[in-house]
Structure formats: structure tokens, C-alpha cells
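In C-alpha cells, the next block holds one chain alone, the form predicted on its own.
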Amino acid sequence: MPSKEMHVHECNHHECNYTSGTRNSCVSLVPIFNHLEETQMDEIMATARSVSYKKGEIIYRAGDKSDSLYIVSKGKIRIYRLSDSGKEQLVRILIPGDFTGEYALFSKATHESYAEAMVDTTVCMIKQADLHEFLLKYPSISLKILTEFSTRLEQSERQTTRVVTEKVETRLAMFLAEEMDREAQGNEFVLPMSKKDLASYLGTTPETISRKLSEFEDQGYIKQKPRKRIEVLDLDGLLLV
């Protein structure tokens, strides 16, 4: 009989059903669940299924039925919207422990955005009916979800305000400062997205992003390193641009 620490699941093509042994690779990563006791997280994990996506594969499209919560277990996902003219607007990047599809918690709505795997990615999916049952059974989950919604709303409003009111270089400088703070590993971090995605997120062009990064480097604020690594040399100066 497999031990609890083993990752035991039966797979068919790229879809798997989890046993409690894989709980640590999914549910325990997510703030809305990881405050629960182990037996409670195992109960949630028993309802989840794992789906793997190749780089560039679409996880869901705008207009698709939203009936599941998607938790990133491994990899990275970009969430974006398309305007009527077809212009892409990056909304957020999801990393392990992040989730999307949260509107499935409240209604049988449709997705308004697209979700695409940026690298080979594995997600855990939990159906709406199961989520509702857990919300009733463990009310603390609801409070965690409200906290997450509040954080996302604040980030969205802040980003919208910046795009409308701030210069491109100011938007980029604040993004770099926030990434450095989020990484919490000194003054060096890896850009979490391509320059194309960063341009979409900040409301500019990839060429402008490249030019501004070079200007920041020439001014001694940052140093660009291989593999998308950025070292911030003068944070105070960067925040004054």
C-alpha cells in the first residue's frame, strides 16, 4: 500500500485524479485552503482532478463556461483579455499557489478572459458544487476568498490608475520595485514575463520597455543580466524617475 508521502494518482492522457498523497502539491499551496487542518485539506484534495497543459495551450477562453476553480500546481499561466479590435491586455500572471476561475464560486457564469500556459503547467480543478459544499462546511474559506478578492481589486485599481496617470518610465520603475520586494531575495529578481507581456500589462510597447530598461541601466538604476534577471542598484533613484 503506498505511503501518504507518495504522489499516487491514476492518469488518463493528461488528466489525473488525485489521492491525498498529492495534497502538498496543490491545496496546501493556496492561502484560501492552507489554513485548514490536514484532514480537511485531504478532503478537498479528494474532489480535485489534475490536468496538465503544454506551453502555449489554452486552458480556457472568454465565453467558456466557468464552473471550476483552477489552482496552479506547477508552471505559470497568463490571464489576458482581448479588446473588440483584437488587442491583447494582460491581466495577471499566475504562479504555483495562485488560482483563477473564482467566479465559479458564486454563479454559473462564463469566463471573460483567456488563460494560457506560459510553460508546461499542471493545475488542480475543483468543481463548483464541491466548492459550495466546502464553503458551507468550512466558513473560514469564505473569509480567505474575500481577502484575496480585496487584494486583487486593489491591485487592479492601482494598475488602472497608473496606466491612465503615470508616465511609462514611472509605471516600469514601480513594477520593478514591486517585483524586487515580492521576491524578497535581495536586490535581484527574475522578470516574471516576457517584454511583450510586460508591455501589455503596463500599456505600452515591447520596444518602449526595452528602451526604458536600457535607459535605467545607463543611469545606474539597474543592471540587466542573462535569463531575464534584473539587479536593482539604486532603488531610491529608480522610484524618482
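In case it trips you up, residue 1 is the first one in the sequence shown, and so on. Source: prediction; values computed, not measured.
FYI, the form predicted in complex with another copy of the chain isn't displayed, but the following is about it.
- Interface membership of residue 129, defined by any non-hydrogen atom within 4.5 Å of another copy of the chain in the predicted bound form, is ruled out.
- Taking the partner from elsewhere, residue 163 is found to have a heavy atom lying within 4.5 Å of another copy of the chain in the predicted bound form.
- By the criterion of a heavy atom within 4.5 Å, residue 118 is excluded from the residues contacting another copy of the chain in the predicted bound form.
- At a distance threshold of 4.5 angstroms between non-hydrogen atoms, residue 92 is in contact with another copy of the chain in the predicted bound form.
- For the three residues 224, 231 and 235, a heavy atom within 4.5 Å of another copy of the chain turns up in the predicted bound form in no case.
- Using a 4.5 Å cut-off on any heavy atom, the residues of 131-153 that reach another copy of the chain in the predicted bound form are, in sequence order, 132, 135, 136, 139, 140, 142, 143, 145, 146, 147, 149, 150, 151, 152, 153.
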